[in-house]
Ligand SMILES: Nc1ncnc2c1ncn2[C@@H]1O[C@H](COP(=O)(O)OP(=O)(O)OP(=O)(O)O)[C@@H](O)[C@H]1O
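Encoded as structure tokens, the following chain is the form predicted on its own, with no partner shown.
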Amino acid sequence: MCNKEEVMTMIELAKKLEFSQPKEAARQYFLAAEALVQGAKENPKEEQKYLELAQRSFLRGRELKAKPAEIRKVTKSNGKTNFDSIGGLEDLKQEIRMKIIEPFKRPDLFRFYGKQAGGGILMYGPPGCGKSLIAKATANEAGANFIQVKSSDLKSKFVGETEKNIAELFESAREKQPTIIFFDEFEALGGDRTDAPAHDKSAVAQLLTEMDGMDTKDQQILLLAATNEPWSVDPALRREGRFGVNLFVPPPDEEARREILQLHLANRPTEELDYDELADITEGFSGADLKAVCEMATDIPLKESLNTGKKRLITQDDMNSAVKNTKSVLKQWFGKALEQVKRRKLEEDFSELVKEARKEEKAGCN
């Protein structure tokens, strides 16, 4: 026999256990759902109400049981990925050292000067230029724990679930300080609320609440966010005290392109390559484009070896051929970026992007 009061007590208990004991909470929801299905049979006049509540309880239990582990997972720094793993970007690395790494390593010194570790930094720029790699390297250089999340890890179709996931994420970070939380594809979570549905507005509001709660001397939590669409991020998130520091991650310059190519080819059988020439002819390529070039060039002798049984080195001609057959998306991205920034009157906020976009525009006209 179904006792409605007992069932509601089960559901209330499950709600309280969701964060501390998600497995037990899921079990309570399943028991409540089972009891409610029995109640529907015993109360034909209220069958629909019982079944609707049973379905909600079951779905909530299933959601908790299958909850992505990465939302709660805190990765210890392992030192494998550091700034030496990233070609070029020396100015950006120096800025990150001053704004992130040194405050984490020497909090007492920074507190002496009225500064503290923590806060939020928004990294933006074209795709394939190493924003995710920079975030991992930063955590390792700082000796901090690292939590990487994508919007899909946090967002849920169930009402209130996204907000709970965000709250749980910050709680995990507080338990394992010092911690860097890295939001990848940030525009999907922190998008502009102007025309957003209510569900997305609530998620941004929860994120703002958690960030405002970080403003204490004792907390060592830094938020890093990466986006290819900085103009789409809600203005409230880009204010001082939240993601008030914007770091532009540019395409690699000539020196950086040379280093990136050398890094990707370091453990591959190559003849003596002219890296200066390769760096010159790959102008306008992203780091991801350069990796693709190296993969494509490697495939040429590899496929030949599979057919002939004879091994040969990767040659300059292989590299030139790969460059010729790799089309970069940077020009297209900069065109769209400049258009969006102008339309929203954000030129001052993203001045480095505008400067780089105009340089790309000018290079395309020559």
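When you see a residue number, it is the position in the sequence shown, counting from 1. No experiment lies behind these values; they were computed from the predicted model shown.
Not on display, but discussed next: the form predicted in complex with this ligand.
This chain appears without its partner; in the model of the complex, the one residue of Gly87, Pro103, Gly120, Pro178 with a heavy atom within 4.5 Å of this ligand is Gly87. A heavy atom within 4.5 Å of this ligand in the model of the complex is found for one listed residue only; from Lys115, Arg268, Lys291, Lys99, this is Lys291.
Contact check for Gly128: a heavy atom falls within 4.5 Å of this ligand in the model of the complex. Residue contact check for Leu133: one or more of its heavy atoms lie within 4.5 Å of this ligand in the model of the complex. Contact annotation for His264: at least one heavy atom lies within 4.5 Å of this ligand in the model of the complex. Mapping the unseen interface onto this chain, Ile260 counts among the residues with a heavy atom inside 4.5 Å of this ligand in the model of the complex. The stretch that touches this ligand in the model of the complex, counting heavy atoms within 4.5 Å, is 120 to 128, out of 120 to 128, 272 to 280, 139 to 147, 162 to 170.
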